[in-house]
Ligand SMILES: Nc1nc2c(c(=O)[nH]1)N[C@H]1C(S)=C(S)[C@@H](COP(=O)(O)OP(=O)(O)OC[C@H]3O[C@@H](n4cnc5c(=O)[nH]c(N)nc54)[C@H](O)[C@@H]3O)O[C@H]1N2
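In structure tokens, the next block holds one chain alone, the form predicted alone.
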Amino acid sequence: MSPKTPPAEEADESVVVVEGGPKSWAAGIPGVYHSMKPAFEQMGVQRAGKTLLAMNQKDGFDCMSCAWPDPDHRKTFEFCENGAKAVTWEATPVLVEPGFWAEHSLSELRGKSEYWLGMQGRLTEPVYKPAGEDHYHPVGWDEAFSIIAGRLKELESPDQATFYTSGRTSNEAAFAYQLFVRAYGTNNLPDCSNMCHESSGWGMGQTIGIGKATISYDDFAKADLIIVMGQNPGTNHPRMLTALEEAKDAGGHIVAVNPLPEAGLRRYKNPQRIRGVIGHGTQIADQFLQIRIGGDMALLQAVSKRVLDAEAKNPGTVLDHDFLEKHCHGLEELKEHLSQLDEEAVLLATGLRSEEIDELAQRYLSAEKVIITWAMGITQQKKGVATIKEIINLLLLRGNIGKPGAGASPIRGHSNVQGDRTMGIWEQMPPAFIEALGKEFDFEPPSEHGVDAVESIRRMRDGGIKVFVGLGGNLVGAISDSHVAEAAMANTELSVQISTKLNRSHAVTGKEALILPTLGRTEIDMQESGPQFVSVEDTVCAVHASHGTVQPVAPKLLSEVAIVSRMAAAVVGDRVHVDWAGFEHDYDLIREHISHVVAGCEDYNTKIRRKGGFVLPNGPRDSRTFPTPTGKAMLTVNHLEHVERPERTLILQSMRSHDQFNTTIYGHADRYRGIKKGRDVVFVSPEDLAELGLGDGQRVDVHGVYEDGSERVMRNIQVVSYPTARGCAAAYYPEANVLVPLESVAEGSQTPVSKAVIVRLEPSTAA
């Protein structure tokens, strides 16, 4: 029934092709070509058309490639290149056939790349690896759930299990999952946010009382100034380029702050406009600040100091005194702290000139409405939380929160990671949520905080966690310290993965292992009460329905909700008053419970059926109310600490290529950076190469440099001469995860520090 698996040839990393360096523009006709070619080749014209034309439409399904919000007035082609690739990857009719498991041992699969694993096709039936064996073999659903129940019930404590979640999970599945886990008796609910935007939640939560964006989609076009920090929208959320173009059309200005020049922040050729097809397109960034890795906090403090200095010169004309007096606390302490800021320390930390910082400050002072938007280039720094607090400081000084065209905008990468957190997927949910959950289902949920992703790995490594359950995702591929993470997973008694396709976490397992195949978001979900839909929350707090549009690729697949419900029934049974079978048969029942438990989701079944859904309340955005202990937004004092770089070392950051989504590798090209046929590269400025005595194209070993003297190395990597910031380097994620120690985490948030790894490049020892 399914076509044969297309050849998934591993790239010959010895011949990585470098073509012309960074490109000067993004999208255009090449973006259309690279969207449609794989879709037509791998899905066929009919299936490609049925999925792509339904993506991000009000009666269609939500794109799984990022959490970028949808405009009210949507185009026919409301998707981007990487969205099309994500749909192609999920909706492919290529299947993992039953004979695959006998043919391929786990030992063999561990030697395959993420690309090869993903290209084997959709998983279609549950498989089980018994202890002591090196192969999975097919099992029935009932047997799979019996194995899980048996191992979980044997544990001495529920805290000896951890339950991971990917941000692709729907609100309905997430709510049922966290209910199951808490009914089982633990708050061990790590998720992918622990590794990406946890710093945003902590920094914003401590300053304005909520860890979500304080803007709507329409605010981009209303902004006078948008400051884009530590992100690459052209690859990671390409539809954002349209919003930035709309801002430029309306007269707004854009500043890009990033260690690398990125094509999407230089010029955008919108393929749905004439000027994007045959014209020049739109220049995006009016100013590009090529900052040294880790220098963002110093830059923000320097701009805030210039704002305060301007107020001192012209009292009453610069700061928003009315806003500050009514809604903020801590101004005088901030003034005193920044008065001592050392300009030379700022220039050292940022690698910028004073004139560049002056220009940014003047742009900020001239703008009445400012948005600052950021992603993991900020959150994955050691001082990520403090840096986000400095973003809030700068916004608050001139009242740029709680008015149209202004606010804080963390851009989430996973399509529903924000919704998962709203639904209770967090190891530290507040007491109000826990109390409401217990009241709704007449039980006493655990109150002690659970473990996050990093702590889960630590406890698996040390024997404290014996069972791992993953609802989507690829934890061992995504998290830091790859070798430690894989050894930790291998130390568990049982690992369970709920997945659509193969990834590294299926090859690196506990002593026993299960893979449970699930429906994709693109597929029709038919249950006893009829076809079901799910819901998701985007990065600006908008919640909307997602309807699958194509038939499932195989008859034995269960939905995420069905898998969670059956697993819960097998493990906790009637220990709590939950109609698990009812959850599976009719998702309206889950949404009715959500209405009673989750603040802002009252009357959920009615609101989610509105065309376009609804928007969750947000005090800072809606009414300039701040749910902090003081009831006011907090201006904070944060002590500057720049990244020290010993002689003959570089500061390395990890990043995505254009041909991937998180750990999912669609191909071995990075078109906008001029890379073809490989991923084993490290980008270094030509000046640094000359200083280090290395040549463009040379093979090197990348050694992590750590105070404890430990050894972590990426071997036989090709150097690419590239216009990075001086003293900095970049390599691809997840390959560079091996260089990030498990203990290297952001202060406060425990997010792995993937954006400030001190490395030494040595000529390769490979033959």
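Quick note: we count residues from 1 along the sequence shown, nothing fancier. Nothing here was measured: the structure is a model prediction, and the numbers come from that model.
Not on display, but discussed next: the form predicted in complex with the ligand.
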Any chance Y733 has a heavy atom within 4.5 Å of the ligand in the predicted bound form? yes
Going by a heavy atom distance of 4.5 Å, is Y268 a contact of the ligand in the predicted bound form? no
Although the ligand is absent from this view, report whether R292 comes within 4.5 Å of it in the predicted bound form, heavy atoms only. yes
How about Q231 - does it come within 4.5 Å of the ligand in the predicted bound form, if we only consider non-hydrogen atoms? yes
Decide yes or no: are T214, F220 and M634 jointly within 4.5 Å of the ligand in the predicted bound form, with each residue judged by its heavy atoms? no
Contact with the ligand in the predicted bound form, heavy atom within 4.5 Å, among T539, T207, T92, N474 goes to N474
Note: exactly one of V702, L52, A26, C66 sits with a heavy atom within 4.5 Å of the ligand in the predicted bound form, namely C66
Residues in which of 100-108, 420-428, 495-503, 565-573 have heavy atoms within 4.5 Å of the ligand in the predicted bound form? 495-503
Within 4.5 Å of the ligand in the predicted bound form: residues from 636-675 (heavy atom criterion): Q653, S654, M655, R656, Q660, F661, N662, T663, T664
